[in-house]
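Heads up, the chain below is alone and in the form predicted on its own; it's given as C-alpha cells.
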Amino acid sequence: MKISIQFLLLITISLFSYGQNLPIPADKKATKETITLFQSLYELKNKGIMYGHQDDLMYGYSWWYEKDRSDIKDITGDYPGVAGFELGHIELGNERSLDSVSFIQIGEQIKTHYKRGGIVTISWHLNNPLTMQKNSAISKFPSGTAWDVSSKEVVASILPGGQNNAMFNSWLEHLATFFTGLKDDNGTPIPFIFRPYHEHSGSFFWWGTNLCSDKDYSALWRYTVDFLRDKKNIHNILYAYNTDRVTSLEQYMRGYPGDDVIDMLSLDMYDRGPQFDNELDNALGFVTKEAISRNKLTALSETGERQGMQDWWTSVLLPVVSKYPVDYVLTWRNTYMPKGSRKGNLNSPSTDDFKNFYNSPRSLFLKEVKEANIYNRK
C-alpha cells in the first residue's frame, strides 16, 4: 500500500506537536514524576472524569483503618482514582489529625495508593494562629480552629512582619517534614496535589474573602509555595487554587496568586437544592475555560449529593461535569459512625445509582486510571 508524502508529513507534524504542546507544572524544577502526572492529567480529562473520595482509605461509616478497606471498594469492587487526605493539626506537631487520623498511617496510605497507580490530593484545615494564642483550650470548637472567623487580622499576622510569622514558619516546617517523607519504595518523591487555603470565596475559614484582603491572600499563597518549593526544595507538588461556589470569573479570581505558583483551578460546590445544576454548570463553564487559557488543570474538588435524591449521581452530577474538561470530582468523607451512635451505612437509597455512576464510561475509577499508566508516559 502506498502512503502519500503529504500523509507522512501530517503524521510527523502531529507527533511533533503532541510532544511540544503539552504544558508543564508551574514549578520549573518539578520532578520528572510530577511533570508526568501533570501532563497525564491534562490529557486524561478528555477520556472521562476521575472519581475521588476524601479519607476513603482511612476509615468508613462502620470501620477504622483496616488494611485495603474502602467504602467505595465495598460498593463497587474498585478504589477511587483519586484519594483525598487531610493534614489539619500537623502544624501543631500532633500525632493525629483533626479527624483523629494517624499521620503515620496517612503517609502509609498515600504510598499505597500511589503504588496502586492512583492519584493523591491533600487538604489542610490549619488552626487559627491568632486566636489559638488567646484561647489555649483549642478543643472548644470552633475557637482557635480553621473555622474561627472572629478576627480579620489572621493572615496579616503570619506574613513577614506579623506577630505570628515565626510560629507560622514552624508550622510550615512541620508540613515540609511530612511532605519530604512521602517517597516510594525506591526513595523517589511521590507527586501529589496540594489544596490549602481552600474555599476562599466563602467566609467560614479565617482565610476567607471577607476576612483578609485579596493582596494578603495572594501573599499567603506565594509565601507558602516559596517556603516549600524554594526554601525546602520540595518539587513534587502540584498546587490547586480553590474557591467555594461562585457566580462569575471575577469573583473566582479574587486573590489569585499567579500562574507561576498554581497548577490547578479547582472549585468546591455542594448540592443545596434544585438550583445546583445551573450553578455548577455556570461555574464549571468559566473555570474550565480559564484553566485551558492558562494551561492549568481543573477539578470539582469537593461536592456532595442532595439529600433525598436517589439518582443524583447519574441525573445531576454526571450530566453537568461531563460537559466540561474536568480532571476529577471528589466527594467528602464518610464520617465514622461506630455501632450505637448515629446511623451510618452504605445502604442509602442512592447506592444503586452510585453503581450506575461507576459503570458509566465517563467516570474513571482506579482501574481505568491504572490502565492509563499515568506515571509512566511513553
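It should be emphasised that the depicted structure is a prediction, and the values quoted were computed from it without experimental measurement. Don't overthink the numbering: it's just position in the shown sequence, from 1.
One more form of this protein exists, namely the form predicted together with a small molecule; it is left out here, but the text below deals with it.
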The small molecule contact at residue 125 in the predicted bound form, heavy atom, 4.5 Å: yes
Interface membership of residue 98, the small molecule in the predicted bound form, 4.5 Å heavy atom rule: yes
Could you confirm whether residue 332 comes within 4.5 Å of the small molecule in the predicted bound form, counting heavy atoms only? yes
In the predicted bound form, is there a heavy atom of the small molecule that lies within 4.5 Å of any heavy atom of residue 277, even though the partner is absent here? no
In the predicted bound form, which of 98-106, 232-240, 149-157, 206-214 comes within 4.5 Å of the small molecule (heavy atoms)? 98-106
Single option in 86, 91, 244, 271 placed near the small molecule in the predicted bound form, where near means a heavy atom within 4.5 Å: 86
